[in-house]
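For reference, the chain that follows is the form predicted alone, supplied as structure tokens.
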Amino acid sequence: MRAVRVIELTGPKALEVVEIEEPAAGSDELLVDVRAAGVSFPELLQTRGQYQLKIEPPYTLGGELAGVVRAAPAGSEIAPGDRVTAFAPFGGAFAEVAVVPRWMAFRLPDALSFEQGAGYLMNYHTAHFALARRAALRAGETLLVHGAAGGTGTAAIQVGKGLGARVVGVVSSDEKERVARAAGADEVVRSEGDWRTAAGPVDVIFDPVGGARFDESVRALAPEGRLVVIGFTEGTIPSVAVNRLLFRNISVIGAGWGHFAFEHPEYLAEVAADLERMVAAGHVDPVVGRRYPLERAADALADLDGRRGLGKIVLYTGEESG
């Protein structure tokens, strides 16, 4: 089978697409014929050896995927032939066949394509975990989403709407504004302007960016507001003067979905059910951006690195699956 391999830790240009043997599934794993795989910031960091999960090369890259189950363990709720969205926690998704833990795979809603499914599990579960569980976002509150035109940002917009919030997106261009509005944002403000004043005090901020924007986010919170930290795509990890938190009764909250998911697999099933509700209600409709064949995985990661990703960047293994 074809697979995208990390050969050395020198960035996306070092990736190679090679023929390797198909993996074999263990007793509590599914074997999946991959139709599409999602491209995310952790993969970019992994190609440089900068991600917290360290894997020695060579190895097959990729965490998110959607496809058709070829083999499943006895007693599994998922059967061969089922369409699934899944997560491979130790890589392997950027390939024609992948192995995933049984409890990290869910049936893909009929309304979603494989390419939508490739950006569904990690992005939407992360957004749901951050907003519903960690930030306790309530109906009627105002949510502000940084990076609102990316895969994680569009997921946060849609989950926020599904939870009953008014959503403000922060973007850097006209094109990204169109994507954020199409994803469901009620209002969109520009990152290069005075977005804090334009948005007004907000109850919850979803921040995958970090860096210099973090300080302004702290100031943008309404009393008892919550800033939920998802990541640091700007590259620098900020800090906060805790007296600000004390005087204004605000909170800075971490949302590390992956670590939590490993320890609470039953929680994943609960979130999957709620996301299905949001799909059925029309709130969740994953935004797919640029599509690349496996052979162009390096180009896909370069787009992500250059902040050119609108919606979810996706790799496909055969013909585009739509």
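Worth saying up front: this structure is predicted, and the values here are computed from it rather than measured. Residue numbers here begin at 1 and follow the sequence given.
From this point on, the text means the form predicted in complex with a small molecule, which you will not see here.
Enquirer: In the predicted bound form, is there a heavy atom of the small molecule that lies within 4.5 Å of any heavy atom of Arg226, even though the partner is absent here?
Expert: Although the small molecule is absent here, Arg226 would stay clear of it in the predicted bound form, with no heavy atoms inside 4.5 Å.
Enquirer: If you check in the predicted bound form, is Lys176 within 4.5 Å of the small molecule, heavy atoms only?
Expert: Yes, contact at 4.5 Å.
Enquirer: Taking heavy atoms and a 4.5 Å cut-off, does Leu15 contact the small molecule in the predicted bound form?
Expert: Although the small molecule is absent here, Leu15 would stay clear of it in the predicted bound form, with no heavy atoms inside 4.5 Å.
Enquirer: Using a 4.5 angstroms cut-off on non-hydrogen atoms, would Tyr292 count as touching the small molecule in the predicted bound form?
Expert: Outside the cut-off, so no.
Enquirer: Flag this candidate site as yes only if Val171, Phe232 and Gly311 all have a heavy atom within 4.5 Å of the small molecule in the predicted bound form; otherwise mark no.
Expert: Yes, because Val171, Phe232 and Gly311 each have a heavy atom that approaches the small molecule to within 4.5 Å in the predicted bound form.
Enquirer: The small molecule isn't shown here, but in the predicted bound form which of Ala272, Ala255, Val69, Val279 has a heavy atom within 4.5 Å of it?
Expert: Exactly one residue meets the criterion: Ala255.
Enquirer: Just to confirm, with a 4.5 Å cut-off on non-hydrogen atoms, which of Ser217, Gln158, Gln116, Thr126 contacts the small molecule in the predicted bound form?
Expert: If I apply the 4.5 Å criterion carefully, the residue I get is Thr126.
Enquirer: Among 240-248, 204-212, 159-167, 73-81, mark the stretch whose residues have heavy atoms within 4.5 Å of the small molecule in the predicted bound form.
Expert: Checking each option against the 4.5 Å cut-off leaves 204-212.
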